[in-house]
Ligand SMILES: Nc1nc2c(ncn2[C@@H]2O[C@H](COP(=O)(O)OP(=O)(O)OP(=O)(O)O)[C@@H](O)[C@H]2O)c(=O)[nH]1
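Shown below, as structure tokens, is a lone chain in the form predicted on its own; questions about how it binds or moves come after it.
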Amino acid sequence: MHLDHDLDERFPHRHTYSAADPKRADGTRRALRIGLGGPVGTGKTATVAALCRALRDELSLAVVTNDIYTREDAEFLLREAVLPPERIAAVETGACPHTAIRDDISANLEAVEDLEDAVGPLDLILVESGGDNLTATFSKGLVDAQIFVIDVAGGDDIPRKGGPGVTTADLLVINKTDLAPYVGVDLEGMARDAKAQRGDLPVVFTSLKAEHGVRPVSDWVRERLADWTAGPA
């Protein structure tokens, strides 16, 4: 079992790009960018939708979604009316989702910058990866922080399996806790395993079916935004 103290050596792809400049071309501070990744069906898009509902009255925000060949996730957010249509952009990656969020970020970076030009100034941009596996990570040139979403229906052994998505994300979300009694999952065991894999990196449990179920994630986003705003420009 590893605690990932040697991440730079074991996962050099995280550093393909350097950290993005906090300033835009006009010298103003750009939006905080947070990426959401995770396997198919864990609730990434539902988490994005819930975050938009929770934060849209206090923050100026926008969303970039990624799908391989469709605009499915963006269309879901549009149907749910979580934000005005001009604040939701879709990227069709045409290839493995890893490529567009980690290796060749040009399409996503263009979508992020276009949103800031069109509807800015923005406080926050959420970038949702297409459904992927436990190795999904975002380039530092694209996002400032990463959320990785897994769910209890995938089995309580998922945190033990590790992978850079689970072990290195700035926040690990274990979603669909309401299903635990029906799938025989030990939530306390998942928490212990996640702690063993992640050390001091935070882990939250969510059930988006519950009222305010996204609050642990939205509170974390608010903390990151406060740090971002207070940081050097």
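So that there is no doubt, residue numbering starts at 1 and follows the sequence shown. Predicted model, so just to flag it, every value in this text is computed and none were measured.
As for the form predicted in complex with the ligand, it is not shown, yet the points below apply to it.
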Residue (of 59, 208, 196, 187) lying close to the ligand in the predicted bound form, criterion heavy atoms within 4.5 Å: 208
Contact with the ligand in the predicted bound form for residue 41, defined as at least one heavy atom pair within 4.5 Å: yes or no? yes
With the cut-off set at 4.5 Å between non-hydrogen atoms, does residue 45 touch the ligand in the predicted bound form? yes
Residue 178: touches the ligand in the predicted bound form, heavy atom cutoff 4.5 angstroms: yes
Contact test in the predicted bound form: residue 73 vs the ligand, heavy atoms, 4.5 Å: yes
Please identify, from 88-96, 155-163, 105-113, 126-134, the stretch that has a heavy atom within 4.5 Å of the ligand in the predicted bound form. 126-134
